[in-house]
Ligand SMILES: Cc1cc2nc3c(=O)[nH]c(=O)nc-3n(C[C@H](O)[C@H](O)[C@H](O)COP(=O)(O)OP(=O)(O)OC[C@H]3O[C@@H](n4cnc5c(N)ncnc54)[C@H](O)[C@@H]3O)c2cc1C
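Encoded as structure tokens, the following chain is the form predicted alone, with no partner shown.
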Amino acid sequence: MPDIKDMNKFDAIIVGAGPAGTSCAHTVAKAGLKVALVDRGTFPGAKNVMGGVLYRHAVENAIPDFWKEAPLERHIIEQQYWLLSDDSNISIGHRSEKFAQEPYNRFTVLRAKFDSWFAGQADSAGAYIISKTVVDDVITENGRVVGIKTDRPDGNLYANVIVLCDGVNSLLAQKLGMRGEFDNRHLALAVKEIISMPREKIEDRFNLDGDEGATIDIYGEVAQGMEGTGFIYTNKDSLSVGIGVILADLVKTRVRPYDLLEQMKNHPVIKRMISGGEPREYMAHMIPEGGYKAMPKIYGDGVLVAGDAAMMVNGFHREGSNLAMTSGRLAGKTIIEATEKGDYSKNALSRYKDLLEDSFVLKDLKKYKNLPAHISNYSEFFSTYPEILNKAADEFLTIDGVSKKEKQRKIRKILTEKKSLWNIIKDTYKSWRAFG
């Protein structure tokens, strides 16, 4: 009689069918290895949430010309940044016809649709998709990870390598001692609402044609002085509207995330943009914001960690899905190489970190490694500076018979009434240093 382990044995098991996990499963399956992708949702993507922007480069490495068949919303041709005070807004943006041509650079997506499609690609490549399954623990033997325990009867599964892609609050990584206790300064809670709107109205309001899209990142008043940012992303017939705030600030202020989102939606500038829309769906998601210095151990004997579970988010550039997909693909490549050698030790799997070091993932995270701590120490970036810049702009653009020389004096006073010129210079210098 065959050993039960052999019946349930895989070359690799990936926990979590988000961008990292599915990318890893697809890579391993294409190489002809036996791989299982395990997810707690009723289908891959059912419980997955992100702001809604997907980057071509990371997906294209797995599936060339994917945009011709994947369920995408819009290709982004314009990115705006808003600095809000309580009643005004300074906007900076970039719009390019280059982004309106194939191959497109970025897309908005609805995760339930896209993740399900992406998992289907992994399934077609040969991966076993196991949904509606909770992974309760990992199985170790002689200090090496050899399998997972699930909530199914006789649900233990075994593999040469287990890849943890189970999100920012990865309890499995914590149980293995690969990460410490969660620090709520390294986590942001993002809440998001899908607001239905006729596509003709979206295209008219955002000056778009066809499947062109725009994104807006919002700073200032919307976060009520906390460390956080809002966003508005255009979909085909809806808007993704949300805000993310560092968890420590929410705990300290006891502000409810939903109330924060409602206040943001009622800001006079934002209210105009979303007027006429109908709320369709509300969701929340935890985002890793600690950066490079908060990363856990990402490899061990028989185990790898990728995506959000490995704190791989570039908060400054608002990038997460591309880091997740790239880390998943490189984890898959590591498994393929380890299988060829028949070696799944910590030393062999350290190849994963080497591959990440050679990619943009760790290069970018290292570049901004000091930025999360710097931003946490300067709440003025989310309150004082947007306020004084808007006041200065109001004064500069008000034509009221006051001489320009006098206006310059007023603007200088506005700029220095809450922050001295010397402190502004120091803040600017320290921020420049934090950018690496």
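Please read these numbers as outputs of a predicted model, since none were measured by experiment. When you see a residue number, it is the position in the sequence shown, counting from 1.
Separately, the form predicted together with the ligand exists; it is not shown, and the next lines address it.
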{"query": "The single option of R329, H75, R111, H267 touching the ligand in the predicted bound form, heavy atom within 4.5 Å", "finding": "R111"}
{"query": "The unique member of D237, D123, E319, D301 whose heavy atoms fall within 4.5 Å of the ligand in the predicted bound form", "finding": "E319"}
{"query": "Output flag, Q80, G230 and L260 jointly within 4.5 Å of the ligand in the predicted bound form, heavy atom basis", "finding": "no"}
{"query": "Options 271-279, 308-316, 339-347, 155-163; stretch whose heavy atom lies within 4.5 Å of the ligand in the predicted bound form", "finding": "308-316"}
{"query": "4.5 Å heavy atom contact, M286 to the ligand in the predicted bound form", "finding": "yes"}
{"query": "Non-hydrogen atom contact A62 with the ligand in the predicted bound form at 4.5 angstroms", "finding": "no"}
{"query": "A12: touches the ligand in the predicted bound form, heavy atom cutoff 4.5 angstroms", "finding": "no"}
{"query": "Touches the ligand in the predicted bound form: I218 (any heavy atom, 4.5 Å)", "finding": "no"}
